[in-house]
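Shown below, as structure tokens, is a lone chain in the form predicted on its own; questions about how it binds or moves come after it.
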Amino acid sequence: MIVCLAVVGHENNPLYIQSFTESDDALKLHHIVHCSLDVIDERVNNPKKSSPTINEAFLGLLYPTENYKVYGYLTNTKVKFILVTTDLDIRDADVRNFFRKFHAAYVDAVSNPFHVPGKRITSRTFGERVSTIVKSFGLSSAS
């Protein structure tokens, strides 16, 4: 189950962050997202230590915690997508597919002529589309 999803700008400014939990874990999840930015920077700036395919947008598993797994995705404009999930037995192919759909929704949101680049994404349509993608991710990983 996806518990948090974030879009972080190229200057590490939060553009969109959404928690999908009923409990009061929002602050903890925001902290996990913030900590994952260091891991992304390390992978991008030190390509020798990470995988040889640095041109790949999908960064894979950034780090696991006791209760969560954190995945990353880097666009060609250096915008970072961060996914926090409670599924400990998730396939990379499912996460890649999720990020592809999410990236398409992000591109549509920032292509809106009324969106100011570098500012928070406040589009209600984007939020609804993200909710649909998150719900479909839960269904596809359960089968």
Partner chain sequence: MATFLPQFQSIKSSFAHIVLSVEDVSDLWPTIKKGFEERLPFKRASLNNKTRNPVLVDELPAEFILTTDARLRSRFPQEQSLFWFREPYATIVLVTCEDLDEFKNILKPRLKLIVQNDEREWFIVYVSKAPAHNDQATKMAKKVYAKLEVDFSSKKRERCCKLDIHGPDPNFWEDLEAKIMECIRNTLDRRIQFYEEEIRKLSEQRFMPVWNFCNFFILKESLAFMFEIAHLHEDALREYDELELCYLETVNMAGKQKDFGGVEKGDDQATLLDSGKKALAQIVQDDSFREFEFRQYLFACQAKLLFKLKRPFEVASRGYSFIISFSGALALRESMLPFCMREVWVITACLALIAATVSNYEDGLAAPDVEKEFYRVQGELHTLCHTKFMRLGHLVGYGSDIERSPVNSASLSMLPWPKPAVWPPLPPDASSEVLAKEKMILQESPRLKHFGIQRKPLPLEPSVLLREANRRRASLSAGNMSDLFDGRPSSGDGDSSGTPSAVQKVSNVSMSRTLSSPGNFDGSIDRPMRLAEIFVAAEHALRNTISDADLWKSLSSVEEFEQKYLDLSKGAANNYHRSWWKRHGVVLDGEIAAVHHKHENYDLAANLYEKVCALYAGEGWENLLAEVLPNLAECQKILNDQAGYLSSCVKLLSLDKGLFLPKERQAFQSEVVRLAHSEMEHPVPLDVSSLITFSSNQGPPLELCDGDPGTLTVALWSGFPDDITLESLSVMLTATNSTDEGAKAIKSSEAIVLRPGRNNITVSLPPQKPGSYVLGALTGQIGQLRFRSHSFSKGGPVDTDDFMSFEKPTRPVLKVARPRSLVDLAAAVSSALLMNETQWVGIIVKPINYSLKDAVLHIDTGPGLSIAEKHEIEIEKHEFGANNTGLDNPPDNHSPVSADVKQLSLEDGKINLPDWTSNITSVLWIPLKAISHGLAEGTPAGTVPQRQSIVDGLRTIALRLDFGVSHNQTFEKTVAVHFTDPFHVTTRVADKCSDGTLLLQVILQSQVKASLTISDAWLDLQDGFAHTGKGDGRPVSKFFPLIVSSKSRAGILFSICVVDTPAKDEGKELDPISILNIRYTISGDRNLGAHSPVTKELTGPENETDPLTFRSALILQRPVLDPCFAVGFLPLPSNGLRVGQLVTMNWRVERLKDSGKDVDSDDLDEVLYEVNVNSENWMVAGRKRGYTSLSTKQGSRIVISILCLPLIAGYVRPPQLGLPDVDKANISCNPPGPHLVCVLPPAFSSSYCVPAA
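Positions refer to the first chain, counted from 1. Because the structure is predicted, anything quoted here is derived from the model rather than measured.
Here the subject shifts to the form predicted together with its partner chain, a form of this protein not shown in this document.
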Original post:
Looking at the partner-bound form in the model of the complex, is His31 within 4.5 Å of its partner chain by any heavy atom?
Top reply: yes
Original post:
Should Lys119 be counted as a contact of its partner chain in the model of the complex, where contact means heavy atoms within 4.5 Å?
Top reply: yes
Original post:
With a 4.5 Å heavy atom cut-off, would you call Glu22 a contact of its partner chain in the model of the complex?
Top reply: no
Subject >> Distance check, Thr132 to its partner chain in the model of the complex, heavy atom within 4.5 Å >> reply: no
Subject >> Full three-residue contact with its partner chain in the model of the complex, heavy atom 4.5 Å, for Tyr71, Val95 and Ser136 >> reply: no
**OP:** Could you list which residues of 1-23 come within 4.5 Å of its partner chain in the model of the complex, counting heavy atoms only?
**Re:** Val8, Glu11, Asn12, Asn13, Pro14, Ile17
